[in-house]
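What follows is a single chain, given as structure tokens, in the form predicted alone.
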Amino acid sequence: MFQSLVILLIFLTVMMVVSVIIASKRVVKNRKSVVHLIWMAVFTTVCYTVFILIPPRNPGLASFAAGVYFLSTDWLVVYLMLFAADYTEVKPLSRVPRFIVGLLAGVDSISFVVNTFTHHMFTVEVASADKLGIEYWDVQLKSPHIVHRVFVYAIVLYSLVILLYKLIKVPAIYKNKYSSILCQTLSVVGLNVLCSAVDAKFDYSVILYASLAISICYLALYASPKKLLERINSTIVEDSVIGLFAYDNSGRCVGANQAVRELFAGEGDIYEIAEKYRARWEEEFKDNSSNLVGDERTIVVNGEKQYIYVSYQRFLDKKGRNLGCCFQIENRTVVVKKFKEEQFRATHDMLTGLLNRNTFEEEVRRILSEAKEPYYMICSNIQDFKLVNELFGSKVGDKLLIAQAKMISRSASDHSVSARIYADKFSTLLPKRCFVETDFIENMKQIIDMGLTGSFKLHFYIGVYDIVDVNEPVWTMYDKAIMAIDSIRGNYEQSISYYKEELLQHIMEEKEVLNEFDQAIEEKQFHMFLQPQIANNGNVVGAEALVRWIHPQKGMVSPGIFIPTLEKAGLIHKLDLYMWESAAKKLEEWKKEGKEKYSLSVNISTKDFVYIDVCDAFRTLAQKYDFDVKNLKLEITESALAENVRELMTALDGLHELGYDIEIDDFGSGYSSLGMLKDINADILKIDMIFLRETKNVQRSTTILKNIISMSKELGMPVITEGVETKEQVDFLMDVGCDMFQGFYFAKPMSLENFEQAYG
């Protein structure tokens, strides 16, 4: 038995040396701490082997060898601790604890060396084993030896705690990495305790020291990493978001991970699906010799389209023999759908689903470049859409826009394209043959009938531009269709308008007016012309001030062009202020010249009350110029008063307080003439010329005019009739009691110079 023990120790020593040599060549983590631990185990095993082989006649040498063996166990457990800390990646001891451990191990080592002479730790004696027929060294431990044991077991316990802590904390896949080493370390401790308890002739735990070192080398550097890698790979494959079918060399499916099972869930047996898939793929790529082939596919699973990327790979050994193959199936459905959604967002209006402005331009260019038939550019929008949003909220507005988009889509064809340009502005490029006015009107009627805005009446406008030049800029085409809409805007009797070149000319004229207006005011290009007002006794009592624009290059610019343009642009108040001041200034001159018998009538636009304080403007004129305010008559049209009775009454009262007389212009042209007279405190009534025009109902017209003049006299309001052109009209008006006349029969509008020469 003794010989067997020695042979076993030598064998283990050789095995440890071989393990060290092999481990030293591996470039792996923990290699350094493992090598140090093995070398220490080699040293411990050799020390013990030498000790038990010392002959009985050398007790001193035996005592020294035993001491070296004991001190080697100190350092063996220290290196075991360092390995455990390195292997578990637990934060190592700080400098002070490391110093204390090293100091205790060093003191203990010196104590064992000194024991050769002092025998304070243990003694050795020759003992006989009669049954074995051998003599051996019997080690008699003394009390101080307990310190050595406490130190060793404390270090071993610390190492076990590290391993146990890591074993508890790590996921299940990593537990085997620590549990095997923990169990073997516990067995060594157990055997060591057992040997001490039974007072065995030999310390058999040294065998486990060597075995543990070899086992740690194998487990830490070979088995555990390999098994862990296999488990990690298995987990990665199973939990991968990429589906995997694995096949053996006969083409039979031997594995399918969770991702591919979820992809084909509900389609039947997964292995049958896998083998059909492989057979179909290999048939399709039978002429492809590559071991790796990838392709994008679209499949239908449970009635839904799925976008996948398939990688097919063959596996061959070193001799080129078939080992099997696999499919990697990456489900790109979410990515593809997200990409398509982003692409849609980049090219479409998200509310209506129609194209956006930029994409519409590109598509129009493409279609027209290939066009073999004439096209219309059609634009549509809703009258007062901003008001709809304010009154009913954006949700109703959005529903209205969506309905309008559907209307446009219903009218589309294979060769058309539609877009939401912005807000409620939509545009469609449509073949002329596909445009049917009645269909568009019917579609608009259906939207109105939806009742989204209650009693608020919706009105749609459609502008149509007949494309003559396909190379014309797209937005020029669009603008021309919008011009067609602008030409009928405010007209609730008409919904569809076609672009005509005259519209462009009119737009250009409007732009010229707006571009030159400020300079014209500054350079006093606007002149005050006067049309005389004649009393029924034949005397000139005043004149209506009319504006004329005498352009330095163009000559006389028609008021029919610049006045509506300035009103639409919100600039008419600037021109009116200019004319009011011109009139006030002229009245001051006449007063100084003793011509106070003449009055001047100036017009007040409805828009003036929006942009300026009219009362304050005339108050300023009265303060700035010296004239009789009764000689400056303020004309306000009946239609303006009818639209804004409540708003204007306060302003008119203020003008009366300043001393100005108010004339109601164009009386009789509206529908609320008589009702208005009871609310408006006016001073002069100016009858519209419509009563003097030829009519089938002459008797009715003259009767109405006669009664208006009679009524105005009862109200104490002088009457001026404008538009008088014939002697017969004058005679009739004289008979019915008209106070003053204005018209071409007496004089056309004339310059100030001509007026003063004629009537000065």
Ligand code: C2E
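Quick caveat, the model's predicted, so the values are computed rather than measured. The numbering used is simple: start at 1 and walk along the sequence shown.
The same protein also exists as the form predicted together with the named molecule; that form is not shown, yet it is the one meant from here on.
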item: Check all three, V547, I572 and S605, heavy atom within 4.5 Å of the named molecule in the predicted bound form; value: yes
item: In the predicted bound form, P374 touching the named molecule (heavy atom, 4.5 Å); value: no
item: Distance check, F11 to the named molecule in the predicted bound form, heavy atom within 4.5 Å; value: no
item: Distance check, G723 to the named molecule in the predicted bound form, heavy atom within 4.5 Å; value: yes
item: 4.5 Å heavy atom contact, Q531 and the named molecule in the predicted bound form; value: yes
item: Interface segment, criterion being heavy atoms within 4.5 Å of the named molecule in the predicted bound form, picked from 382-390, 441-449, 587-595, 556-564; value: 556-564
item: Selected contact from E510, E635, E516, D486, since only one has a non-hydrogen atom within 4.5 angstroms of the named molecule in the predicted bound form; value: E635
item: Proximity to the named molecule in the predicted bound form, single hit among M579, V540, C253, I496 (heavy atom within 4.5 Å); value: M579
